[in-house]
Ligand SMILES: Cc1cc2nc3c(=O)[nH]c(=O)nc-3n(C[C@H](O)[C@H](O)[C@H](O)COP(=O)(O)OP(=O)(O)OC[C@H]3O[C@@H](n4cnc5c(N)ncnc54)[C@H](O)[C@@H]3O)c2cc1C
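Here's a solo chain for you in C-alpha cells, the form predicted alone.
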C-alpha cells in the first residue's frame, strides 16, 4: 500500500480471535477500545502494568471533553473529584511579566474548563470504562512481537506460548512505540533535546482560591518550570532544560531539581511549606515525530504516534484524540475494507495536523521573542481568542483563523528581529536578599 512497510509471514488461515488488538491500556488504548466496543467490535487490550499505576502528565485541555462525552465516560470523570482547570498562567522568571489565559476566552468555546488530574485515577477510570464497554483487558501482559499476514496479525506475549490473533492492531504502547521502532519510523527533533526532572509535593495547608487551580508555567533564561495543582493540596512541580545543560550540571536528578527550584523565586514560593512525597523522576529526549501512522493492518495512536514537548499539555489530548480517531477508522475499515486507503489517509491528516500545530507552538516557546509577545497581549482581529483556542486543542479551522495565527507568528518574528514591538525581558530572577537567604537556612 503506497510503500507502507509490511512484514509478510505465511498465513495459517486461522480465524481471528478479535477484530482489533490494542497494545497499551493508557488513554489512547482505552479510548480506542471504548469506541470499537460501542460499535460491537471484539477488542482485546494488552497492558504491561497493573492498574492503577503511576504516570506523569496531570493537566488536560477542553478539546478532550468532546471525546470523553461521546464514549460515555465524562460523567465518571466528573464524579472523580478532580480539580477544575479554568486556564493557566505564564510568568517570566524575573517576575516582571505574567499573563493568564482562560479557556472561556477562546473563540466560541464549547467547553470552558478542563481537569487537573491524578493520572493513576484518571487512566484507571478510562481502562475500566473500556472493560465495562465490552473490551477484554489483559493487564500485566507484555506484547513482545507482532507478526503480520495477509489476513491478520498475531501478537506474541511474554510468558504465553499461544499467540493472540486479530484482524488489526492499534499500537498505543507509548514512547516505547513498538511498531514505530520496528519499522524505524521515529524522527527526533534536534532543537528539542530536553531533559526533565520532576516530583510531587503536599501542601501543608489547602486553599479554595480558584487561581490555585491554574497550570503555571514559569519561563527562565535556559529552562522552564511547571507547577500543576492536583486535588487534596498536592502539586506536580518540574523543570525542563536542554539535555546539554543537565549534563553540564553534573548533578543527580534530585540535586538538579532542588537547585533549579532554589534559583527561581517564582517557583520556590510554590514549594515552600510543602512536603515532597514522591521520589524525583527524570525523562530525557522525549520529543519525536513518526513519519507514518498507518500500515496494512496497523495504526499508531497516542505517544506511539509522536510526542511533542509537554509545555502546552498536548500529551493527554493527542492520546485521547488519536485513540478516538483510530477506533473510528478501524470500525470503518472493518465495515468496508474497500475504503481502507481513504480511511487511513484521513486519520494520518487529522492526527499529524494536531501534532504539527503543537510542534510549532512548542518550538516557538523556546524563543525569547515568543514569550515577550505572549506576555504582552494586544487584542486585534480576535487574536487573543484564536490563540486561546489553539492552546485549548483546536487548531485553526477557517482561513481567517489561519491568517490570524500567521500574523501572531509574524509578530513573534518581528520581535525577534527588532526587539521593539513589546518590552524585552531578561527571564533572570533578581538575586535573593541576604535576609531571604538567612530565613531559608
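Positions refer to the first chain, counted from 1. The model shown is predicted, which means the values in this text are computed figures rather than measured ones.
Another form, the form predicted in complex with the ligand, is not on view; read the next lines as being about it.
For the options 363, 149, 283, 202, the one in contact with the ligand in the model of the complex, meaning a heavy atom within 4.5 Å, is 283.
The partner is absent here; in the model of the complex, the one residue of 178, 153, 237, 135 having a heavy atom within 4.5 Å of the ligand is 178. For the ligand in the model of the complex, the listed stretch (404 to 412, 370 to 378, 57 to 65, 391 to 399) containing residues with heavy atoms inside 4.5 Å is 57 to 65. Against the ligand in the model of the complex, the set 24, 51 and 228 is in full contact: each member has a heavy atom within 4.5 Å.
With a 4.5 Å cutoff on heavy atoms, residue 302 counts as touching the ligand in the model of the complex.
Interface membership of residue 32, defined by any non-hydrogen atom within 4.5 Å of the ligand in the model of the complex, is ruled out. Among heavy atoms of residue 347, none comes within 4.5 Å of the ligand in the model of the complex. Mapping the unseen interface onto this chain, residue 274 falls outside it, with no heavy atom inside 4.5 Å of the ligand in the model of the complex. Residues of 115 to 129 that come within 4.5 Å of the ligand in the model of the complex, judged by any heavy atom, are 119, 123 in sequence order.
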